[in-house]
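Below you will find one chain, with nothing else, as structure tokens; this is the form predicted on its own, and questions on how it binds or moves follow later.
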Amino acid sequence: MGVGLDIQGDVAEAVAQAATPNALCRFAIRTYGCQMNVHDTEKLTNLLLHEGYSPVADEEQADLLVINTCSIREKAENQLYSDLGKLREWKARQPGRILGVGGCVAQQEGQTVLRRFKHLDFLFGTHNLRVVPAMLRAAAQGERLSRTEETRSLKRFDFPERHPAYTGLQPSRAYLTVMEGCDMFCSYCIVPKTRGREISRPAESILAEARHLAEQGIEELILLGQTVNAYGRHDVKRGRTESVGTMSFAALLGRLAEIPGINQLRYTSPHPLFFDDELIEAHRDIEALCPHVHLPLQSGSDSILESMKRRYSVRDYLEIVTNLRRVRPDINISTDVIVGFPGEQEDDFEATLAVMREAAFVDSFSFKYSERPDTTALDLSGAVAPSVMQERLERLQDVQRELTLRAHGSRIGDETLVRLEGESRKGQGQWRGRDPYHRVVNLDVPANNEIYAPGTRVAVEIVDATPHSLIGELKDRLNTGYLAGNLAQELLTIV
């Protein structure tokens, strides 16, 4: 539904005859939120490149600015409104500039945002990335459009191949969407509203994109989905994988690992409910599958998990952790935790700390509970005072720092492969990268040496540890794929 122009069906067809912008050619995108949002920005960047636009790092040089929003917490939503208020001056400084908003807040609030901010030109939801170029053509003609309708069409996954001028976040690493949406309806979570119901992309489409990425030099794939390991589950359960072209998530991992050039696979974020035996065994059997799993816990209290509608118990969760370490003893596990959920008592919180210690998380992303519209948690009693939330968050993060430092300290003396990402925050010749365990490794790299560039994998010995990263010492440059099993021993035979 348009604001100022009512457009039905595909916007691309409705405005196909609209003139392509002339002076409008430089764009910038602000991105908030999760990896899915980051990848949506990548998709939009690629679309705009195909339309003849050029990306710029400085928003003052941009003719088009898009804000890609997150609504998982109220703070992120308020950030958008603050940004839009300040951007009135940005738009006024140069006639003809166009301002757009996309992502989860756009999907959640729709035309409300467009009506509130008169200098906003267009708004698109999470299912409507493909029609942005057409919306821009309409905006150039003075039309203010809003597209937030949901779709079950598989066309939502169809995007052009990478433009020759496109560069991803890292030269040898790429995100790959395998499914979208969520059917879990956790009581605190707005994702089913902003991303819609689960839909799995056909496997052959995923494999074709992966093969194309490999041909362009991509070596590491990060599979994305709101509940990524739910991929294909409805089709597997109903025995219709052949007719719709999907498969189990573990089987998909196996097929991707067979693609020449792909030597590392990761995925995020899985749901504990869908960790079946096949997926656990994949961490033993698939060499390219990295020894790291991000497994959201949210709470270590069974009563709070039940209020959250997470559909698993603490015992279920810890059994997954045990089985993952049984098949892959060196695996690193990180998690998400919410503190201050309605009804959380001190003993519930203490139970969460106990689970953190038992699971020995190498890292965790912890947040204070944030009320979100249209979630059932709004009806729960037992609100936790903000000061108590803050105190619990600080205690939890203190425990996590201890666990992280202990895990990092145990790595001193190990040898590992590190994919370089660029200069570290320290600079001064120090670079950062990530190893197969998804840990940040900082190391000194020879200056003015062309073989050391972002995307390069190097052999590194871990010589020190901090609560935030590992410190490595460069050993040699390797062109071999990631080797599973006893990595340190295998590296010693290679270097």
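The first residue of the shown sequence is 1; numbering continues from there. Keep in mind it's a predicted model, so treat the numbers as computed, not measured.
Keep in mind that the form predicted in complex with ligand 5AD is missing from the display, and what follows is about it.
Stretch-level contact analysis of 184-192, 115-123, 234-242, 316-324 against ligand 5AD in the predicted bound form, using heavy atoms and a 4.5 Å limit, identifies 184-192. A single residue from the set E281, D336, D302, E287 has any heavy atom within 4.5 angstroms of ligand 5AD in the predicted bound form; that residue is D336.
With the partner omitted from this view, the residue of T268, Q170, S370, S424 that lies near ligand 5AD in the predicted bound form is S370 [heavy atom within 4.5 Å]. Although the partner is absent from this view, R73 contacts ligand 5AD in the predicted bound form, with a non-hydrogen atom inside 4.5 angstroms.
Although the partner is absent here, P296 lies within 4.5 Å of ligand 5AD in the predicted bound form, judged by heavy atoms. Residues of 190-225 placing a heavy atom within 4.5 Å of ligand 5AD in the predicted bound form: none.
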